[in-house]
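Let's start with one chain on its own, the form predicted on its own, as structure tokens.
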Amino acid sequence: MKLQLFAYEQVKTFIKTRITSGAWKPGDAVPSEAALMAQFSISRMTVNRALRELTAEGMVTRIQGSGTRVAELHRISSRLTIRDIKEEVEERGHTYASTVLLVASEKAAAPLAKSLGLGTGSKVFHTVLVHLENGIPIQHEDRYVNPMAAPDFLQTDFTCFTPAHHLLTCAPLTDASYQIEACLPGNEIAKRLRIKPSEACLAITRRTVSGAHVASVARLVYPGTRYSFAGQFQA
């Protein structure tokens, strides 16, 4: 059973979706508190909380007498682009391949269910793949997907299309969070990546959101000598 979003979170998701999709541009007016109260049948206090949090996150600006507007992108922020690894490899002129290790429907334990915004024991989709470039493993992907966001996920032929490709196509990204860390792969992942268990790796844990749903939670492990992350700063 899916956990219901709090009312203020529904307002935040609505506004974030309009901004991140490009429907609302920097400087555009956000609907008034009265309009949001009527649209969501909620109190002014609830609307105010949503707008306060969006202001703190840099998504909107609130000026006395001028209302709320989409924020200008003037603050420096780091950005890691979410892309399909198959496209990355092919853009380099190399050959992409994948080894599909698991495609399954499972019941979510409490921590995973919480991350996906679901109730404990809810059905989730689980895939494990190794991605290769010119026959050499460069990424181990362990991903859980919310069926509410991508109901046809398990019908995908993952030897032809990556999980990321399916999600970017069928559950367009509206928000994401990630954590990058150095780690050791452990015996099983080291074997799959054809490296030593003592070899340093980079790991990214990523949680993506599509509209009102958390779409997926994935842990991606890269051999440190075979892959580097490229980010960019914008002002």
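From 1 onward, residues are counted along the sequence shown. Since this is a predicted model, take the numbers as computed values, not measurements. Heads up, when I say rigid core I mean the largest set of C-alphas that superpose within 1.5 Å between the two forms.
Another form exists, predicted in complex with the DNA; not displayed. Remarks below refer to it.
The putative spot formed by Glu33, Ile63 and Ser66 is fully lined by the DNA in the predicted bound form; each residue has a non-hydrogen atom within 4.5 angstroms of it. With the partner omitted here, the stretch from 165-173, 35-43, 205-213, 183-191 that lies within 4.5 Å of the DNA by heavy atoms in the predicted bound form is 35-43. Contact annotation for Arg52: at least one heavy atom lies within 4.5 Å of the DNA in the predicted bound form. In this overlay on the rigid core, Ile63 has a C-alpha that sits 2 Å or more away from its partner position between this form and the one not shown. Shown in the overlay between this form and the one not shown, fitted on the rigid core, is a CA shift at Leu184 smaller than 2 Å. After superposition on the rigid core, the Cα of Ala212 moves by less than 2 Å between this form and the one not shown.
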